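Quick heads-up: it's one chain on its own, the form predicted alone, in structure tokens.
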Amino acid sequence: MSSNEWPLWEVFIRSKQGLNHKHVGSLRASDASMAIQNARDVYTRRSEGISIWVVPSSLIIASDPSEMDAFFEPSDDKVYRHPTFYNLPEGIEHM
């Protein structure tokens, strides 16, 4: 990033109907306050959201998609993590 370029921020919006924040895009801003203001102006023009999160892109760490098999495969051999491993007690109909 050049010295005259603002940091990149990732924007997450929680809609009126939803419980989760969803990633809606990115923007550049000089600081968190400006990022919130710009996110509101750009991504909630029609009052779609009730909550906004902005996160500096540089703070987001992600797994490498090319290492997906090695990264997620170990969970397959842990059958106790699957709901079918457990027997439901008598009398419980909905779980």
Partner chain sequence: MDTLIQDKLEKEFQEKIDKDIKIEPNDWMPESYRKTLIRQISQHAHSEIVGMLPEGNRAPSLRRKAVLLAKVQDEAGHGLYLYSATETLGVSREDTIDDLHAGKVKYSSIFNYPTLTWADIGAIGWLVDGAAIMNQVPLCRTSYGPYARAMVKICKEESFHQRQGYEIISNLMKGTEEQKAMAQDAVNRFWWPSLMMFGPSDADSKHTEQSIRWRIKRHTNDELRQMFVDATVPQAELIGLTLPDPALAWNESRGHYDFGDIDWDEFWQVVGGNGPCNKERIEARIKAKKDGEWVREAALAYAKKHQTN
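From a predicted model like this one, the values you see are computed outputs, not experimental measurements. Residue numbers count along the first chain shown, from 1.
The same protein also exists as the form predicted together with the partner chain; that form is not shown, yet it is the one meant from here on.
- Interface residue remark: residue 59 is not counted as part of the site for the partner chain in the predicted bound form, having no heavy atom within 4.5 Å.
- Though the partner is left out of this view, residue 34 does reach within 4.5 Å of the partner chain in the predicted bound form, counting heavy atoms only.
- Proximity of residue 51 to the partner chain in the predicted bound form falls outside the 4.5 Å heavy atom cutoff.
- Proximity of residue 18 to the partner chain in the predicted bound form: non-hydrogen atoms within 4.5 Å are absent; the residue sits far from the partner.
- Within 4.5 angstroms of the partner chain in the predicted bound form, the stretch 23-49 places a non-hydrogen atom from each of 25, 26, 27, 28, 30, 31, 34, 42, 43, 45, 46, 48, taken in sequence order.
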